[in-house]
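As a starting point, one isolated chain is supplied in structure tokens, in the form predicted on its own.
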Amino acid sequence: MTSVEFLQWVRGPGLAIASIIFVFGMTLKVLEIFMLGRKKNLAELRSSGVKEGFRTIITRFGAVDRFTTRRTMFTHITGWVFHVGLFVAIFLLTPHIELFKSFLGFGWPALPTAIVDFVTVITLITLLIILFHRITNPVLRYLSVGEDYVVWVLTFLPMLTGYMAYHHLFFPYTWLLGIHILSVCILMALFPFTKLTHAVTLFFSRWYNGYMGGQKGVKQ
């Protein structure tokens, strides 16, 4: 298989297969969440809980309190850096926006390439720091399972190969772009079946926690 044939396959059938698996898997995951049995709340309602649910989604993004230690602050900061970096690289780079536009029929403003480039490098470094911290911290290493490292690889490779492809580093561009798209396809296909689903389910869980707390009169 030539590099052109490989690129055509991953951009066509490969991406289509990954997209179908992603949509099907996430649909099952969301249905599973909503079909979970829940006990009826027999207490007197203090509120509908709807407003508190949406408030909790927002407030939990910056949840740092007096119980936060230097170690947990490290996790909090690095988590923010690489999540924001992923968002910028995926949704604010011009070629990616053009791809979304081809599917959705509309686009949005992009950040200057130099800024996205800088953010991508910072994100890659942060991911390496997070991996090093997980390996060298005795508690984290003990708590980590194989899936944690698989998720790290699934996150890291698309960022790395995308950066290499954009800058034409080390290998022919056609191969690099094909490998980048393949890594994205693998990420999409495995996304619904790994801990990566938290990127979607966290909104449901936070809303539900706020919703239930609001009905009981718990301050959010």
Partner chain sequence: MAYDKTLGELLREQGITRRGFLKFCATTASMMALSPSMVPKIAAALENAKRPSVIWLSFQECTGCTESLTRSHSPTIEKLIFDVISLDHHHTLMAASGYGVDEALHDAMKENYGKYLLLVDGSIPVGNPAYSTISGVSNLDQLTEAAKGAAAIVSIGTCAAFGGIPHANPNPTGAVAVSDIIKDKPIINVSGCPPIPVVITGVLAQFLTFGKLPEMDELGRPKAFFGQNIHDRCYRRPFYERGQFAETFDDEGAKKGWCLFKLGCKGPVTYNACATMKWNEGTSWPVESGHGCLGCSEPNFWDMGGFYNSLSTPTIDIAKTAAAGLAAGAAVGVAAGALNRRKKNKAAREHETVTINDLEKGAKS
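Positions refer to the first chain, counted from 1. All values reported here derive from a predicted model rather than from experimental measurement.
Form predicted together with its partner chain: not shown, discussed below.
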Exercise. Would residue 137 count as touching its partner chain in the predicted bound form under a 4.5 Å heavy atom rule?
Worked result: no
For this session: Could you confirm whether residue 164 comes within 4.5 Å of its partner chain in the predicted bound form, counting heavy atoms only?
Result: no
Exercise. Residue 101 near its partner chain in the predicted bound form, any heavy atom under 4.5 Å?
Worked result: yes
Exercise. Does residue 146 reach its partner chain in the predicted bound form, with heavy atoms at most 4.5 Å apart?
Worked result: no
Exercise. Out of 171-191, which residues reach within 4.5 Å of its partner chain in the predicted bound form, heavy atoms considered?
Worked result: 172, 173, 174, 175, 177
